[in-house]
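One chain is shown next in structure tokens, namely the form predicted on its own.
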């Protein structure tokens, strides 16, 4: 991964374990969401995830798209990937450690859930390991209620942040305020002057000096999401809703599209490194409106 005679970043020793973890977390999330689908109160039958493996010509590695269009989850994807290759001459200048050597390894999990019910918040979670001549973990999780000011949304947001705070504080008391502020700053729509949602945590290019500890923290972020988000969905998915609430939901989803196509660094990284476009653009909602 690194230049001759340059020491490898300690993250190289974690590659196989990290890939195994991302796949294991995918399996746990798929099982949790299918269980919720089974419990949904709808005359439609519960749906299941469709898994689609992928590889890219000229790029070592690949991944799997796990996608479900269901009666509770209008569209939810839980994707994993592990790829290696070389950055192009222009993009390598934007990536830490890539100017010295353009080769890279990247692995991770990415989840986006868009819900049938306007009362259930959309959610995003991703964690990743990237190695150039340097190594780091990144990711986070955030929540997007359709009406952030509604009492149930305030309660859901509070529960979501409590879970993420606990995951952070198991490792460092500074992580939660630091990564919450980073999330608020990152998931912001400058052209509208508003946040995409109710926030969460976000971190990138993160190396504390202890790669194994950073990996343990990254696992805990995934486990916190696995615990709290299904609880939020189950608590809200049975509430009745009507045409006006659906219309508002579709308009609010436009903010999601705007952010992911205009500002999201993960979208750019995936497309510039030969990733699968269907997996990368999985984050977009199935239906959306602009007023």
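A quick note: this is a predicted structure, and the numbers were derived from the prediction, not measured. Numbering follows the first chain given and starts at 1.
Unshown form predicted in complex with another copy of the chain; subsequent notes refer to it.
The chain is drawn here without another copy of the chain; in the predicted complex, the stretch among 45-53, 249-257, 219-227, 31-39 whose residues come within 4.5 Å of it by any heavy atom is 249-257. Put simply, residue 261 is close to another copy of the chain in the predicted complex: some heavy atom of it is within 4.5 Å. Taking the partner from elsewhere, residue 93 is found to have every heavy atom lying beyond 4.5 Å of another copy of the chain in the predicted complex. When another copy of the chain is considered in the predicted complex, residue 277 lines it closely, a heavy atom lying within 4.5 Å. Contact annotation for residue 7: none of its heavy atoms lies within 4.5 Å of another copy of the chain in the predicted complex. Along 277-291, residues 277, 278, 281, 284, 285, 286, 287, 288, 289, 290, 291 each place a heavy atom within 4.5 Å of another copy of the chain in the predicted complex.
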